[in-house]
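We begin with a single chain expressed as structure tokens, specifically the form predicted alone.
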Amino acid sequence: MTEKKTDVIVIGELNVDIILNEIDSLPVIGKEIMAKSMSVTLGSSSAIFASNLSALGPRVAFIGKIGKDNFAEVVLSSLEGKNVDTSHIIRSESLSTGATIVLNYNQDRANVTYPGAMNDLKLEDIDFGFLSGARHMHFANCFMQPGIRHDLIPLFRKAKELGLTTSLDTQWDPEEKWELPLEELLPYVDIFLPNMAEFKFLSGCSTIEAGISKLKKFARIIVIKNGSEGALMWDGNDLSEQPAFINDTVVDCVGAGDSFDAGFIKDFIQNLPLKSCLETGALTGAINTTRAGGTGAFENQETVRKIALERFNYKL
């Protein structure tokens, strides 16, 4: 068997986050309000996941699309600074790199996104020869990527044919239509990673029990993130619960779900027990909230381990 060159290839959207903190009040049309701090960081669910997973140790590569502008340089330098392989990120001459303005209010936030090049990533942009060199494929934020959203079934089917394990985090649907062919798609998804609200909308069920009963007919493993309430996991046989690691001094929650995904997949690709994957996911999600932005707490393995030990009394 040929040795895999990459542990995880992430396919998804790329943009920067312009994060405003300590905002005086909610925005009002025709009025100006003030924020006391601002940062411009790597944004997008897919990129935060890739960056933080790489900081945890696995070999990570990215397939996506950006423009040729200043924001593109932020994206590339941020990913490359975390040792993510960016050789298959496409740079468009005609499209701009996407950007999200994030308004932070304690543990909640409001986002405004200009999608730019992320709208244009298509199935034909995927180098399947490159993908075959990985052990696992992760895809996130499908509703924000209309160019490839309707080709998720052939994408995931091909990944499974190439021998990869797979994971999917749909993220929020801005149109709130929640139209996704889960019955056809989830058989090709090893780890399905929605949050609580997304799970209920996607399943069309008001309770976890009803949603699991509906999706378990064609899903493999379902992990449901629920913020400070922890997480739930259906492993194909049983539903288990993981308490949250509580951070009493949350800086912000940008990217916490993506960091949860990174911790879970880090253990999953090492073939560790699913309960270990779930616990590590909860921990890395909490670690994310100790610093600003989606990647601030994930400088490198040493930093993550130090935060885990000092803030959560956990040896990672």
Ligand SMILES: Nc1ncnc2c1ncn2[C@@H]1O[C@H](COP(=O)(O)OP(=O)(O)O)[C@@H](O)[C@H]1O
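Computed from a predicted model, the values in this text were never measured in an experiment. Numbering starts at 1 and runs along the sequence shown.
Heads up, the form predicted together with this ligand isn't pictured, but that's what we're talking about next.
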When you measure heavy atoms, are G227, A231 and A282 every one within 4.5 angstroms of this ligand in the model of the complex?
yes
Region of this chain that lies against this ligand in the model of the complex, out of 22 to 30, 253 to 261, 66 to 74, 49 to 57 [heavy atom, 4.5 Å]:
253 to 261
Can any non-hydrogen atom of N195 be found within 4.5 angstroms of this ligand in the model of the complex?
yes
Is the gap between Q171 and this ligand in the model of the complex 4.5 Å or less for some heavy atom pair?
yes
Although this ligand is absent from this view, report whether A286 comes within 4.5 Å of it in the model of the complex, heavy atoms only.
yes
Can any non-hydrogen atom of L131 be found within 4.5 angstroms of this ligand in the model of the complex?
no
Under a 4.5 angstroms heavy atom criterion, identify the one residue in A244, A219, I208, L103 near this ligand in the model of the complex.
A244
